[in-house]
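Take a look at this one chain, the form predicted alone, written out in structure tokens.
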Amino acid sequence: MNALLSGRVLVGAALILFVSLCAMFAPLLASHDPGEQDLLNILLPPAWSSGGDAAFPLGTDSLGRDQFARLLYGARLALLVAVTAACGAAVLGTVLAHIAGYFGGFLDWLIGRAVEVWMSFPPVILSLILMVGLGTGADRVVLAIVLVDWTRFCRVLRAEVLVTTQRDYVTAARLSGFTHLQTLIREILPATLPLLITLLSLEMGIAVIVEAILSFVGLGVAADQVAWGQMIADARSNFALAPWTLLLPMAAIFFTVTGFNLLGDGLRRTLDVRQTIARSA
């Protein structure tokens, strides 16, 4: 109930819900195809500005493409990558974290060394290197983010699993005849689930930024797809004449990432029992 009343959760969820609805109903909201070019109406300002056109509510870019439609369809790609990449990284990192923290020994050492080596590379640089080898496309972007960011989940959750494994109820489960798999699923996973949900929400925001960076440098989606990072790259040369073409996709990224971060921080504060006790003390 506290999670529902948290201001951060409510604001973050509202922002994400708004972006999700825009993405879901993009075909109904957009009056133009996002890739349709109108060279007679290039760099039009937003409709409320002098020289604007009501047919293009947020203006057009250097090729006469409707900015409003491109923002809506860009939200579709951003959320698709955010959800699928974050879930993929969460699954891989969570499985390895529970194996390392629960069994310990050589498995813990091996997974720990793999995490340290992988995290020694800057995440964005590693993503760029992977994209050079994998090629462009939304599925490749998702795969690159999963291969880079599973370490975030593994490192944090491993520490939580180590603590949980020492609890009395876990020992009691073992003594009562639970198998290792049953102990992990029934006793340890529920204890680490609040932290996992928080990390998952925060990772979605990170995935939006990484996808925008990859699209900005031309290593993200294909040229015929709409991405916010791609819109920023296209707007650089015309920023002085049409600043809205750059500011609008930047604002979309900012509000989406802020929504995920507020949601993740709010969930951390409301689901973490230790913080709840500390606030009530």
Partner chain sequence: MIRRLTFNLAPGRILGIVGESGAGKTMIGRVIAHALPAGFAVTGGSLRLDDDNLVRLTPARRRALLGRDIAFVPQEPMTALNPVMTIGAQFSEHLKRLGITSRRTRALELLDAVHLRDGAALLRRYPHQLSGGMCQRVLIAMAFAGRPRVIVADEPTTALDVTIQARIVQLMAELQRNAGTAMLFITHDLRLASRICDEIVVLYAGRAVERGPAASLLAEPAHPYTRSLQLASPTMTGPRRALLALAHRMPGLLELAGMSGCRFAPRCPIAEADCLTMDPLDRAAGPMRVAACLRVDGAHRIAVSGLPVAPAIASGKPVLRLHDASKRFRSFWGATGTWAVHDASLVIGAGEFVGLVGESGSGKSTVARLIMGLERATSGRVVLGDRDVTRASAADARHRLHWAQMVFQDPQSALNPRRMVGDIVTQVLQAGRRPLDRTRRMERARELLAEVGLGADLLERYPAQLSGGQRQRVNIARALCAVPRLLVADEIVSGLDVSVQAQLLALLLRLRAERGIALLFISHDLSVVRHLCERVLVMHRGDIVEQGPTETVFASPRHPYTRRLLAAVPPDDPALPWQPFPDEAELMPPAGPPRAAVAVPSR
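Worth saying up front: this structure is predicted, and the values here are computed from it rather than measured. Numbering follows the first chain given and starts at 1.
The next section is about a form of this same protein that is not shown, the form predicted in complex with the partner chain.
The chain is drawn here without the partner chain; in the predicted bound form, the stretch among 140-148, 83-91, 69-77, 174-182 whose residues come within 4.5 Å of it by any heavy atom is 174-182.
In terms of contact with the partner chain in the predicted bound form, the residue from L200, V95, A114, A191 that brings a heavy atom within 4.5 Å is A191. The shortest heavy atom separation between T136 and the partner chain in the predicted bound form exceeds 4.5 Å. Annotation for 75-102: the only interface residue with the partner chain in the predicted bound form is Y102 [heavy atom within 4.5 Å].
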